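Below you'll find only one chain, the form predicted alone, shown as structure tokens.
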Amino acid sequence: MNDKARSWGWTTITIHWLSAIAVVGLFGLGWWMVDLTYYSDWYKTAPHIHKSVGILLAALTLFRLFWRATRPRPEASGSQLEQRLSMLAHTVIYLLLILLFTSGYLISTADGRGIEIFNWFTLPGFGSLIENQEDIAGTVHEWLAYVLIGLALLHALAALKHHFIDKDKTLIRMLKP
């Protein structure tokens, strides 16, 4: 379950892939749902799913940051430049996720209502903190999502480069301990 000096553990691997699936799914759902009309059957359902999964991903990401800070990391592979770029990319991904969660929360709670998470519980809202909060946060949320999905694609391509060109264990370590 725990990370080791040479490999990631099942907890880290599971969190990584759940996060990847959620990010890609949320991006696709968000991209699709913005064009729904009031008369669509999905007009209320799609945003409900998007918000619920987004909040659960936020909780998972907070746990992931705690987990990462309290566990050893496997030795990095690649050149010094690749290692620095990897660290920078991971830091930016986490920052983008936190900013996406924040902007999504500000969109959803600008009217003072909380966010229903799959009808299990409600995350309270604070209401509008600034004028046109939902519009400003919406624009920020959209652009951050595009940047995140681009960086996630670059992250995946880097893993494939390590596997097929460098022929190292970077990708394998994220598939099995």
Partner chain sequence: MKKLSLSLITLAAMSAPTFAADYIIDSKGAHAAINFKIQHLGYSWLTGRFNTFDGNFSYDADNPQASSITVNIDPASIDSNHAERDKHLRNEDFLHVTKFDKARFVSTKVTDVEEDGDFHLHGDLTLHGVTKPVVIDVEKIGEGEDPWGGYRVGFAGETKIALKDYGIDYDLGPASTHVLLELHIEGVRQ
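Keep in mind it's a predicted model, so treat the numbers as computed, not measured. Numbering follows the first chain given and starts at 1.
Below: the form predicted together with its partner chain, not depicted.
Contact check for I107: a non-hydrogen atom falls within 4.5 Å of its partner chain in the model of the complex.
In the model of the complex, its partner chain lies within 4.5 Å of some heavy atom of Y38.
In the model of the complex, none of the heavy atoms of W32 sits within 4.5 Å of a heavy atom of its partner chain. Using a 4.5 angstroms threshold between heavy atoms, K51 counts as touching its partner chain in the model of the complex. None of F126, Y43, F27, F63 but one reaches within 4.5 angstroms of its partner chain in the model of the complex through a heavy atom, and that residue is Y43. The stretch that touches its partner chain in the model of the complex, counting heavy atoms within 4.5 Å, is 110 to 118, out of 110 to 118, 66 to 74, 144 to 152, 53 to 61. In the model of the complex, E134, D135, G138 are the residues of 120 to 150 with at least one heavy atom within 4.5 Å of its partner chain, listed from first to last.
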